[in-house]
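Just one chain follows, in the form predicted alone, and it is written as structure tokens.
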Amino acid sequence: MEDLPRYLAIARQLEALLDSGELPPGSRLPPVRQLAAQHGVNTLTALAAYRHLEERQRVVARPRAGFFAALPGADAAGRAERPTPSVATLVDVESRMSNLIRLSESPIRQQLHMAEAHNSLYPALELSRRVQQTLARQPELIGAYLPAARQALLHQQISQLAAEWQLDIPQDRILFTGGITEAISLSLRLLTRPGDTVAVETPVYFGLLQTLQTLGLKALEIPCTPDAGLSLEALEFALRHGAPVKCLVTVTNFQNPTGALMPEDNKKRLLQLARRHGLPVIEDDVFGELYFSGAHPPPLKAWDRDGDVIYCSSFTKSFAPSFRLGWLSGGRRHADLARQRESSSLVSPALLLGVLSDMLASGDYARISQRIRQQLARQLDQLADAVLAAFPRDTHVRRPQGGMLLWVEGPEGLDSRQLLQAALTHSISFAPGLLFSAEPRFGHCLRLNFGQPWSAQLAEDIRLLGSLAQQQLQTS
């Protein structure tokens, strides 16, 4: 049976009761605390189950009254049309990621809200041929498991690739996952229990906030600047004087959303600080391969001699998003993580792993990722120049040295949530700053994705977005 996140398993049980009529339309559903007690989970997990059903329009929330089964008509029609989420819905912590995905599925012409590059950036036809060739040559890869010899070869290739990033990753310390999200989720599940506190950067990737919420964890937000990344002074103060922190999740290379690249001296100091306080670190290096000059910046893991850092990486941004191939190296906790994975998705698709191995061996992966980097660097300059030309005075952007995200700091009076509402009427989307904190911060900021090919239409849309921002400031 598929191993589902606990909230999703609860949601599916409730949906079965709704479908069977045992919970008739309009009936009141169990209160959140009662539902949590029934399933032996915390209230945050129970609430996440209801939020999932609310998103699917199977239940409705009534203020101070609880959750109710949706009435006939609203369910089927609503799910078929998949309406664009309201801006207020987008900033709900419990469902930010799922609501942003819904925004992606809606007919918005200019989508700049997700951390994804346009599909034209990836070699779809070339990968399609490679999949067919690999399967024709090695039909055994259609099976569930990668043959031992092929697995050993792939682990050797990953270890060699990591060595180019100044990482010493033994071949028996590599664990493939379903993208970087599963790698981080597995690590959090190992290191924490519901109710624990996890240190994160702020502004922080909204998907991480939602993961923490689902696992019943608290986020301790540590300031992060586009120039230097995580504030080590703020982290040390929190560790000395605040509540106990179970672990830190950090993106040292091209942080999401600021694009910050932590200086190497700061990475060394961060590792020393973590050691002094016995703080395990989960390092998210999903954007590390998207560097624009030189080489892949050395991750924090490069200075880890004691196995304290769980290093998480992925091929979703630099190679093939739909493959969803991530991997981790767990240091001294690697064996525990491997056992944790066995109770989750167990294995990654053998065919896709075989294709990745072939691409690494042929040098095609290096060629493809290099071309993607060059294209993203050009698109960054084009987008940043356009933003500075169109947006109000006192707008600041810091051009990242890699990744695919541009963090825009507008004047203090700018309301990016209100700006998004206006932009959606013109079929333009972006991620407003409020998404990137559990607190009401960064309201004057927004994140734009420069993974979209530059075009006359995109240039016009950025001018329009800047004009809408100007109008808002003039009328406020």
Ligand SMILES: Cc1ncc(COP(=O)(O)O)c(C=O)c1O
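Treat the numbers as computed from the prediction; the structure is a model and nothing was measured. A residue's number is simply how far along the shown sequence it sits, counting from 1.
Absent from the display: the form predicted together with the ligand. The rest refers to it.
- No residue of the trio Y291, I372 and F450 has any heavy atom within 4.5 Å of the ligand in the model of the complex.
- Checking 223 to 231, 334 to 342, 281 to 289, 347 to 355 against the ligand in the model of the complex, the stretch whose residues place heavy atoms within 4.5 Å of it is 281 to 289.
- For S187, no non-hydrogen atom is located within 4.5 Å of the ligand in the model of the complex, even though that partner is not displayed.
- Though the partner is left out of this view, R324 does reach within 4.5 Å of the ligand in the model of the complex, counting heavy atoms only.
- Heavy atoms of L191 never reach within 4.5 Å of the ligand in the model of the complex, leaving it off the interface.
- Taking the partner from elsewhere, T181 is found to have a heavy atom lying within 4.5 Å of the ligand in the model of the complex.
- None of A115, L146, I158, L406 but one reaches within 4.5 angstroms of the ligand in the model of the complex through a heavy atom, and that residue is A115.
- Among the residues Y205, F391, W165, F319, the one placing a heavy atom within 4.5 Å of the ligand in the model of the complex is Y205.
- In the model of the complex, V251, N256 are the residues of 241 to 273 with at least one heavy atom within 4.5 Å of the ligand, listed from first to last.
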